[in-house]
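Next up: a single chain in structure tokens, the form predicted on its own.
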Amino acid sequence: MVRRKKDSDSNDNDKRPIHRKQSKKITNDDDEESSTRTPSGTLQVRNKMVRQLLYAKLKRSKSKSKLKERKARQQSDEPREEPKTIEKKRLRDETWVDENDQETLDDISNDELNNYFTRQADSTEPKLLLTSQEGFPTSFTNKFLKELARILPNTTYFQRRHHPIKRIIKKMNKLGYTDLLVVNEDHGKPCTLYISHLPEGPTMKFRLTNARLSKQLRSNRGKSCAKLTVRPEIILNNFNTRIGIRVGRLLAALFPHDPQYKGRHIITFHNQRDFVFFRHHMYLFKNEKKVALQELGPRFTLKLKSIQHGTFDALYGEYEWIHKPKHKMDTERTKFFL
């Protein structure tokens, strides 16, 4: 019996799998296969440190080759190609306006803002009222509104609280105000701007983004926005369609005629891809030949959402133009409306 048990144990040991160590040749072959180049140009190495060093070396070699090509193009006499940008690929539609378009000139002479630009209104100086949405604004929005009131001439900041807009407009017509600006906020930051021209309109709604105070700008170095005591120079860029000209005229009507160039203040509304960038600068004359610009702030970005006939009326207002969702209007990257 004992001998039989030993035979069975020996048979079990024979059936057990034999684990052998892998030879060094196999590991070397795996490393050679893993270090091959991929189509993307990177090196697949298992060691992270070695992989980072190889990638940095490859990146430096590519940048050096690009620099050599750039210097060769600069030294050659071949004409430079114009950069291909989305603005240069813009599709011109039927709303694009030429300088001598008679139909557009007729529309301008008959719109609601014609009396102001021809100085036929009762007062040539605009009178603005700036307020917030219903309730009490947050700290950041309150500071932003106060800075806007400082740089916009003849502007009064009114704490709206719970007063309805229609009642405010009636009171403004009696006091001779020309424009109403309402800033709404979301999550503690300004998000919407309404501009309503009195007494006949139009009313435009803008989405307001990237609002920054004067203290947050590097060029201002922590200084607060001072009261603007001069009439600034207004610059309107790239408002080329009928809707764009209408928007530009409404923005220009917020400022008085005859800018005081000696004050050296400039306010710019720059339209690029239907985003209107607001900037406030001042000239700095270093000497007789060199001139610099210092940004004073605040700064923000606007995008037109709708144009409404007449003054603000959320329920029964007649809309002239509305920006619809992406699947209806924003179908092409090279199509713009301003």
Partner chain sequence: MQHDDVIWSVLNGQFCSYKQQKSKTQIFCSNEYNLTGLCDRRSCPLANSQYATVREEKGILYLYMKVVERSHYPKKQWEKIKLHENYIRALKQINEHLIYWPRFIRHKCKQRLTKLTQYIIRTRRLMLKKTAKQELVPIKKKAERRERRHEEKAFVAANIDRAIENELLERLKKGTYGDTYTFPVNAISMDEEDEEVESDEDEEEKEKEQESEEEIEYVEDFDESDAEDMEDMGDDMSDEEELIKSIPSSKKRSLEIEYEPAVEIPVRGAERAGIIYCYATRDSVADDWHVDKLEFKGSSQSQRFLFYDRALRRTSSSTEKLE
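Positions refer to the first chain, counted from 1. Quick caveat: nothing in here was measured; it's all calculated off a predicted structure.
There is another form of this protein, the form predicted together with the partner chain, and it is not shown here; the text below is about that form.
At a distance of at most 4.5 angstroms from the partner chain in the predicted bound form, none of the three residues I108, L113 and R249 contributes a non-hydrogen atom. For the options N210, T192, N142, N154, the residue carrying a heavy atom within 4.5 angstroms of the partner chain in the predicted bound form is N210.
The listed set R90, K171, R264, K215 contains one residue whose heavy atoms approach the partner chain in the predicted bound form to within 4.5 Å, identified as R264. Under a 4.5 angstroms non-hydrogen atom cutoff, the partner chain in the predicted bound form has N237 among its neighbouring residues. Although the partner is absent here, D330 sits close enough that one of its heavy atoms falls within 4.5 Å of the partner chain in the predicted bound form. Although the partner is absent here, L53 sits far enough away that none of its heavy atoms falls within 4.5 Å of the partner chain in the predicted bound form. Heavy atoms of D101 never reach within 4.5 Å of the partner chain in the predicted bound form, leaving it off the interface.
Across the options 172-180, 68-76, 255-263, 142-150, residues that bring heavy atoms within 4.5 Å of the partner chain in the predicted bound form belong to 255-263. If you take 258-294 and check each residue for a heavy atom within 4.5 Å of the partner chain in the predicted bound form, you get Y261, K262, R264, I266, T268, H270, Q272, R273, F275, F277, R279, H281, Y283, L284, F285, K286, N287, E288, K289, K290, V291, L293, in sequence order.
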